[in-house]
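Form predicted on its own, single chain, as structure tokens, below.
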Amino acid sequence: RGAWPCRYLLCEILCEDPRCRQCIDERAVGASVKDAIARAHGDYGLACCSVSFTVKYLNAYTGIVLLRCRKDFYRLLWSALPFVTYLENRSHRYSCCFNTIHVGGTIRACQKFLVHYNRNQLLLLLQNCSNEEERQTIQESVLSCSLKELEEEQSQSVDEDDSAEVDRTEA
């Protein structure tokens, strides 16, 4: 049999001080999550979740993190996330919590959800605008949240990578 089926948990890292998110990295997130799994489910839970656990994506500016684990054990991971109360990096502890916003079977499904989620968040911000300049900036952001634009950007970057490889082989 090929690769084991996985589940992807799309989470938001909520910190008291949003600037602290810029100080965290994938290793710190992974270590804190594994520590929470061990505290919640013991050695058995940690062993089950660690088999294919990885932090696939972390955006320190938005606080979005994508965690992967085996399908059979994603509920163990999910149930341990409330026990993550801090992230530690460079001997500093940052108080935080994880908010799971989506569980998906593929990275692509999580990307699609994230585009819709971000668009809804921007629409909420739009309702709370205090002046026209803020409103205009957020409206432009909402319009830029389309899957077609994301796909075009990705295909352009792939085309640029392909042309760079051709240039290297010709040289």
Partner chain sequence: MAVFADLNVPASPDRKSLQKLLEAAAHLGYSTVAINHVIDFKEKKQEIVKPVSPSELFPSLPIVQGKSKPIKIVTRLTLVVSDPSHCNVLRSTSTNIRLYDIIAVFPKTEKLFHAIDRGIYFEVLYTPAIRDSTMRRYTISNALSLMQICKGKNIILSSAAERPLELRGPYDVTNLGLLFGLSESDAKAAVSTNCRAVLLHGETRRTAFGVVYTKKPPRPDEEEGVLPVRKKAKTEA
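Positions refer to the first chain, counted from 1. Given the structure is predicted, the values throughout are model-derived calculations rather than measurements.
As for the form predicted together with the partner chain, it is not shown, yet the points below apply to it.
- The three marked residues, 16, 84 and 95, each reach the partner chain in the model of the complex, with a heavy atom inside 4.5 Å.
- Contact between residue 39 and the partner chain in the model of the complex is found at the 4.5 Å heavy atom cutoff.
- With a 4.5 Å cutoff on heavy atoms, residue 120 counts as touching the partner chain in the model of the complex.
- For the chain shown alone, residue 124 is a contact residue for the partner chain in the model of the complex, at least one non-hydrogen atom being within 4.5 angstroms.
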